[in-house]
Structures are given as C-alpha cells and as structure tokens.
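So this first bit is one chain, no partners, the form predicted on its own, shown in structure tokens.
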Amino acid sequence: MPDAKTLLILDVDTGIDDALGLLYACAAPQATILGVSTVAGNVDLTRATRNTRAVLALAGRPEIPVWPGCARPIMREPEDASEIHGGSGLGNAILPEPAVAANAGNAIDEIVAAAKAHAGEIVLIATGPLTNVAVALMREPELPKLLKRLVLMGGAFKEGGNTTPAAEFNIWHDPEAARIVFQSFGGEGSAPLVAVGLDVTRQTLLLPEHLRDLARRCEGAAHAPALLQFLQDSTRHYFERVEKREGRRYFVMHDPLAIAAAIDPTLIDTAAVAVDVETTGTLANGMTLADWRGVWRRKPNAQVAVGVRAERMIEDFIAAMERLARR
C-alpha cells in the first residue's frame, strides 16, 4: 500500500512529462508537497521555473512554493531538450502567466533545511538533471541519512539511452552531478536511492485513447476544459514527433512514473545493485553502469527499477486527472 501522507519535495526541469508528473502529485490524496525546486535541463532555469508555477496554478495549487536552483551543470555547458519538449518546454500548450513569489527561496537552501526539519520523513523526487541534488549533497553530506528516500528518473540500466546510444538525458546532461549522487548513497544509515530509468519508463505509455477516455469521464467537471486542453496541447507535440518516426502515437511517461512510484512503491519492482556513472568517456559519457554480476565487489548503492505495473500506473494517472478536473 502507498505510504500515508508522504512528504514530498519535487526537483524538476519542467518539460512536458515533468508537468504531467506535477499534476499527478497535486492530485495524490496521500501526498503532501512541501515545495518544488527547479533546475536547468529540458529547458533553461527561467522557463523551468515559470512552467512549474504555471502548472501548479493549473492544478489549483499556486500556494506550493517554487524554489529556483542551478542554472547549469556542475562542469559542462547546458544543452536543452527543446526538440522533444518544444521551445517553451510545454509542447503546444499555452498557460496563463503565473504569479511570481516575492521571496522565492533558493533550491539548495530549501532542500537542506526541509530535510533537517523533517528528518527521515521526506521523499525527494528528482525528475531532471541531478545538479541541485548533487550541490545539496556537497552542502550537507548527511543528506542521505536525513531523507526517507531519494527517487530519481534517470539512467538506462539494461538497455540503451535516449540521448546517445549509451546515455539517458537527465544523467547525460550533468554526469558529474549524477556520479556524486550515486556515490553518496548506499552507506550505513543511508536512505534508499530508487532509480526509475528507461528500462521501465519505456513500458509506460500514455495513448491518445487514454485522453479520450479521460474527456468522457470528466464531462461536466468544472475544471475539465482547461486541464484537458493542456493535456491535449502539451502531448500533441510529442505524439506528432513519435508518429513521424514510428508511425504510431504515444507518450512515454518518464517523470510521471517516477513520481507515481515515489508515492506508491508497489508500482515498480526493484533490484539492489552497485551503480556508477561514466564522466570521462567519449562515446559512453553519461552512461549508468550497473554491476549486475558483482564484478566490482561493491556494496549496492541503488534500488534500480526492473519491472513496472504499467497499466495500473496509467489507470492511476487518468483517475488522478479526473480528480483534478472535479476538485
């Protein structure tokens, strides 16, 4: 069963799938969102922060604090994913300009302070590059012992990447940060690090018929028109891109799956394994290496997702969107 009233901090680079994940989290009755930190990744930090505030407003949760974080990787030049997410990061969707908090806190300060104030209670969910998390770990090395779990969307552990043949985008964007994060977990007293990678997200597909079913279920709901318009407009850019390449329309639920699994761990199966990240290679830069055969003889530092109840996750997502429409 899902944890009761899980305390969440989400760390996002809000593109399309982060946006859908944020909507899901806002609709989860068993979750309390303490704040959302933003990082450069899918789009630059300014757009990621703006998109995050706009999506929270769409969900009816404009009071949730948004904390801007790192505007670039630790050692590299930033490279966005606008080809996938569109120039704004939200596909073809247009959301009203959100209100800007007068005194928005800094992501690193807020993550560390919240972890200390709620020791052992917070699930930190990272659905973008791991820059903010790595900097927070450098600021507070005890962070792994202060969290309840770290759940990240990133990596490709048994199959190829989506940015290069070896690497998944979030890890590839800032591999030094990812390496710091993986190496910081697995010690005595450390919270679990749960890695939800391409191995399971690629099995979790939102299809056009799911959105049509949602529209039927939400008929007459007060907030349905704006929500459905956003879902249709944001995913259309991705649907069309996939259709041009493969002849069919689908949307891979990368970030929503990680967020859903953070709230309800029974959605995925995991295996304990030692993971490291390639930072100096040319062809394999950003690759997540999982030592499935124990060659390194290292203690496992990650719980890597190896199975997923994809149909149930999609059903949960549609039910969550209906709750938002009827709030």
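Small disclaimer: the values here were computed from a predicted structure and weren't measured. Each residue number is its position in the shown sequence, starting from 1.
Below, we refer to the form predicted in complex with a small molecule, which is not included among the displayed structures.
Colleague: Assess the spot marked by N42, H85 and T127: is the small molecule within 4.5 Å of a heavy atom from every one of these residues in the predicted complex?
Modeller: Yes, all three are in contact.
Colleague: Determine which one of 112-120, 184-192, 93-101, 160-168 lies within 4.5 Å of the small molecule in the predicted complex, judging by heavy atom distances; exactly one does.
Modeller: Result for this chain: 160-168.
Colleague: Looking at the partner-bound form in the predicted complex, is M153 within 4.5 Å of the small molecule by any heavy atom?
Modeller: M153: yes, in contact with the small molecule in the predicted complex.
Colleague: Going by a heavy atom distance of 4.5 Å, is D255 a contact of the small molecule in the predicted complex?
Modeller: Residue-level check for D255: yes, a contact with the small molecule.
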